[in-house]
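A lone chain, given as structure tokens: the form predicted on its own.
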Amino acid sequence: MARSRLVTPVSLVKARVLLANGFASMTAYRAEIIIWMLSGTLALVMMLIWMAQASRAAGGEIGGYNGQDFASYFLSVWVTGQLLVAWVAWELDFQIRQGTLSPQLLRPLDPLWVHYFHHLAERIVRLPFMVLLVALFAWLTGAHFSSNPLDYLIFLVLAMVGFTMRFLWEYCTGLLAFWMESSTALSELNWLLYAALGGFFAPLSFYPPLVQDIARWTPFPYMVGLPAQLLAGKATLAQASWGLLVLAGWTVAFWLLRAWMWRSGLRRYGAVGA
């Protein structure tokens, strides 16, 4: 036992405690989590719309997608979107404006990790309900998914990096409360960009070429659309690898931005006596 304690890094011990604490906290909100899941059904609504359009189109296809392809894509988008949910901007905005951030600054741990592991714990609580809903909708719509186990492994990696990227992006948005009355006003704009360029409304290939070119310079298609297409069997491993590299680059950029905003924001926070 003593040897185990010596070889276990402190950061892993803290991570395990934070994850366990977050899981215990999130299980108390099981009903709310199901309601949050059901309220995030944009992809499922778009699935029904595109399936109806495909059934009326000549040859039963639009842009190479038939009804089952649309079902597979949008169900995959829904799953990916559920794994990338982040609400940290709202929590940070409240804590900074109300001054409840101050007690957290006394702890020997960056508050970022508390939020991060609470988000991860919420995914664990959410997962069984997601599997049930996907199985139900796949049975109802005839959706089909990739048969290559490697696709699922890479999907999980993409989803994990995509979640980290979105978490940091929302964290930076929340830190704007150091300088703004309410940083959450930007969250609506964040979501619109995320949904539109991420592929919630349609696969990126359905957009005008100019929009596709712009979107490829952003992280959004690689956060949602690419993992979804991989799961639906419409993306290659080479495309997934390139997307992973792009996402990793954006994640590093937002990590550095977050570090700068945190230091600058704390100086301002302390200057006003909070």
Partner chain sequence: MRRYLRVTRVFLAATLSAGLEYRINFVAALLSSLGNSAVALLGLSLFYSRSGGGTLGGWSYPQALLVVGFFMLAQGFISVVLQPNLNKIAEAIRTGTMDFTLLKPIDAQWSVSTRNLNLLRLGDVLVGVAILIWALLQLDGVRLGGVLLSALLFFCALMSVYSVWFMLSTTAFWLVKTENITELFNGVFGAARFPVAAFPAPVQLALTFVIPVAFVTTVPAQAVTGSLSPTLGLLAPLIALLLFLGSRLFWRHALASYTSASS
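Numbering follows the first chain given and starts at 1. Since the model is a prediction, treat every value here as computed from it, not as a measurement.
There is another form of this protein, the form predicted together with the partner chain, and it is not shown here; the text below is about that form.
A.B. asks: Quick check on this chain: which one of Met130, Ala196, Met160, Ala138 has a heavy atom within 4.5 Å of the partner chain in the predicted bound form?
C.D. replies: Checking each option against the partner chain in the predicted bound form, the one that comes within 4.5 Å is Ala196.
A.B. asks: Going by heavy atom distances of 4.5 angstroms or less, which of Phe145, Phe201, Trp169, Tyr116 would be at the interface with the partner chain in the predicted bound form?
C.D. replies: Residue within 4.5 Å of the partner: Phe201.
A.B. asks: Residues Ala20, Phe94 and Leu109 are flagged as a possible site; in the predicted bound form, is every one of them within 4.5 Å of the partner chain by some non-hydrogen atom?
C.D. replies: No, none of the three is in contact.
A.B. asks: Tell me, yes or no, whether Leu192 is in contact with the partner chain in the predicted bound form, where a contact means a heavy atom of each within 4.5 Å.
C.D. replies: Answer yes; at least one heavy atom of Leu192 falls within 4.5 Å of the partner chain in the predicted bound form.
A.B. asks: Please tell me whether any heavy atom belonging to Ile214 falls inside 4.5 Å of a heavy atom of the partner chain, as the geometry stands in the predicted bound form.
C.D. replies: Result no; Ile214 lies far from the partner chain in the predicted bound form.
A.B. asks: Does Asn66 reach the partner chain in the predicted bound form, with heavy atoms at most 4.5 Å apart?
C.D. replies: Taking the distances in the predicted bound form, the answer for Asn66 is no, it never comes within 4.5 Å of the partner chain.
A.B. asks: Is Ala28 close to the partner chain in the predicted bound form, meaning a heavy atom pair under 4.5 Å apart or at it?
C.D. replies: No - in the predicted bound form, heavy atoms of Ala28 and the partner chain never come within 4.5 Å of each other.
A.B. asks: Pick from 147-155, 160-168, 175-183, 77-85: which stretch has non-hydrogen atoms within 4.5 Å of the partner chain in the predicted bound form?
C.D. replies: Partner-contacting stretch among the options: 175-183.
A.B. asks: Enumerate the residues of 44-81 that have a non-hydrogen atom within 4.5 Å of the partner chain in the predicted bound form, in sequence order, or give none.
C.D. replies: Residues within 4.5 Å: Val45, Met46, Leu48, Ile49, Trp50, Ala52, Gln53, Arg56, Ile62, Gly63.
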